[in-house]
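A single chain comes next, written as structure tokens; it is the form predicted alone.
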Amino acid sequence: MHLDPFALHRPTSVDETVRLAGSLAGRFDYLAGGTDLLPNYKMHLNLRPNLIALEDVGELRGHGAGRFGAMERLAELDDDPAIRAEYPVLADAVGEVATPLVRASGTVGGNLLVETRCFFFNQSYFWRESLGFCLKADGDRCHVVPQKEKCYATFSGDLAPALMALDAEVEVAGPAGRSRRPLEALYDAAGDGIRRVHLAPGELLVAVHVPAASRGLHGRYKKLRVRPSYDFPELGVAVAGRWDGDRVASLRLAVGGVEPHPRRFDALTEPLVGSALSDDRLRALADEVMRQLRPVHNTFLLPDYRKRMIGVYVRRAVDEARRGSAS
């Protein structure tokens, strides 16, 4: 594997970055930590002639007071005891990302926008060529669900479900200025493994903002993967909430690693507010989340197994968050 030539640009401000992105008219990728992008480039996956490195854009760094810069290294969050105290579900998720070495380079924004994955896509050029390529790179058909319209590659980030459970918003800068939107609105629920986010050409993820009301929520993030020391999620379940005795005061549940975008399940958790969450009601909640999600055979674990584990991990995450609130 090798990197083909590309032009590297190093802006120093958000405004300069946005102007540069506009001048390159889609012929570029943003380079954050590079832990996913550069390996993909080495395998000749969707190469661009320009990379815009974000390392020198100071506004994208740092964290505190509920703000997490898009270029903040995951290791900086992993090493901060305040994150564990104030946002335990986020601390869980950060600690589950790959290895310490990857977390030293990987970033908040990079993990939120990490490429969707599929074992027909994440392969060498020669392997993909022998298969006739795929809809997501160089080809015209999906091999997971054979057809030529929709890509079934799976969302593979860990932070998104955890931050969704904390009601996070994202700050985006672009040619039209700056805006903030709920994190779940960043992802295109009507899209697929290729068309996966709502970002206009040239828009840049600047920061993530977590509201003050989410500080101190009891939460857990549970991750299913083949190799616990490294792999991307085959399933990620995030829960955050508060309990008043045995009654639910608030509860958010989000799931990633199953479909092309992460999902939050407010319609299932909001009716539980004000009531006691018995084992039967928890089992019913887990079963309904499991029913609504449809994994396909695009990763190493079989879809039926991943689907069954959705129910198991929802029950475990909610129960551990509930028990944490009582300690």
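For clarity, every value in this text was computed on a predicted model and none was experimentally measured. The first residue of the sequence shown is number 1, and the count goes up from there.
One more form of this protein should be noted, the form predicted in complex with a small molecule, which is absent from this view; the next part is about it.
Residue V102 is the only one of A185, V226, A213, V102 with a heavy atom lying within 4.5 Å of the small molecule in the model of the complex. Out of the listed residues E96, E86, E76, E169, E96 is the one that sits within 4.5 Å of the small molecule in the model of the complex by at least one heavy atom. Partner contact region in the model of the complex: 198 to 206, out of 174 to 182, 198 to 206, 245 to 253, 78 to 86, criterion any non-hydrogen atom within 4.5 Å of the small molecule.
Not one of A240, F265 and S325 places a heavy atom within 4.5 Å of the small molecule in the model of the complex. Under a 4.5 angstroms non-hydrogen atom cutoff, the small molecule in the model of the complex lacks N50 among its neighbouring residues. The small molecule in the model of the complex comes within 4.5 Å of no heavy atom belonging to E259.
The small molecule is not drawn, but in the model of the complex it has a heavy atom within 4.5 Å of Y230. Within this chain, G66 is remote from the site of the small molecule in the model of the complex, having no heavy atom within 4.5 Å.
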